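Just the one chain here, laid out as structure tokens, in the form predicted on its own.
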Amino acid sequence: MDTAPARIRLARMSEKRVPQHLIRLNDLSPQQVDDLLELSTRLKRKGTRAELAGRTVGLLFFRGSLRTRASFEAAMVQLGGNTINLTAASDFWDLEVREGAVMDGRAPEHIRDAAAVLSSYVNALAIRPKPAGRSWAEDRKDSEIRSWADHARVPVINMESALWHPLQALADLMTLRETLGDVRGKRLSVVWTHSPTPATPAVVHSLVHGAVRAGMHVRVAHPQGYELDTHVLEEVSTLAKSSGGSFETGLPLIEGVRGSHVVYARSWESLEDYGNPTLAASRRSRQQGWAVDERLMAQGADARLMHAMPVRRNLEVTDEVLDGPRSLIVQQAENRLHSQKALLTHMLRG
């Protein structure tokens, strides 16, 4: 009996299948993004079937979360699947990321081993790493999330690293489409706001990348010293030349908002002072007036407000704007659920 066909089938089954990861929005083609946004809208309008019954996603949080954790768990439940939720502070230990390291420090386990084991338990891993916070040159490499992707045998989803937040960008693009219809040619302003606890620029990086690729005219207003990552700016500027959109950065507050259809408020760290909290706090204390209120919103073209939250009320944005008819923040947060259901369906159904 000729067993060659069986041997060939077994050999093919044993070949290592490279999973599709989502580390940054650019891991999805423009057509895939369009398809996901259309699916997100259908799921929001018509509801969800249990298309992921029997599938499990492992959620690993190395720092805090509210919307991301809740929306991911709700998404999997509504799709008929399950989640395993692990929080580094309470559920497991430090993990080594360096290849070839002599592990004589705090970490008793390497990501290589953790990724291999968890890949045998779950169908995907969604991870929120914690940047070391000492050097932007190091943190921007996103070494931890990329190490998980290198060693996992299942899809790895980035739930916000130092450099990128693709999940927020998908929800933001969905919200922009719901609000503006065809976003091509529409004007989006990203405004830096003062906060004593600024985030990394990950949300803004992914937002401007996705919006420019969709053909929007994007302006970023921020004080001196709060420039975005140089390599990201170069990418976005190149994209603008081919997408029909445009990109400007470093604008004053009023000029950055004038004539915009959407104002996106966000606080992010100064990359010049990254890793030096004393200098960073001193720089922030000198930025007066960088907040969103009704007077600023009136500079736009019937502008609507977006913010990824959490938002410091009456510091970043006034109550009047947040609770008024211009605000999209609750709709924007809800869309995390629908866009993530679409993404999970795309990555896990087949």
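This is a predicted model, so every value here is computed, not measured. Residue positions are given as counts along the sequence shown, with the first one as 1.
The protein also exists as the form predicted in complex with a small molecule; that form is not presented, and the subsequent description refers to it.
With a 4.5 Å cutoff on heavy atoms, residue 160 counts as touching the small molecule in the predicted complex. For residue 128, a non-hydrogen atom is located within 4.5 Å of the small molecule in the predicted complex, even though that partner is not displayed. Among residues of the shown chain, residue 52 is not one whose heavy atoms approach the small molecule to within 4.5 Å in the predicted complex. In the predicted complex, the small molecule sits within 4.5 Å of a heavy atom of residue 168. Only one listed stretch (23 to 31, 60 to 68, 281 to 289, 320 to 328) carries heavy atoms within 4.5 Å of the small molecule in the predicted complex, and that stretch is 60 to 68. Only one of the listed residues (308, 43, 297, 37) places a non-hydrogen atom within 4.5 angstroms of the small molecule in the predicted complex, and that residue is 308.
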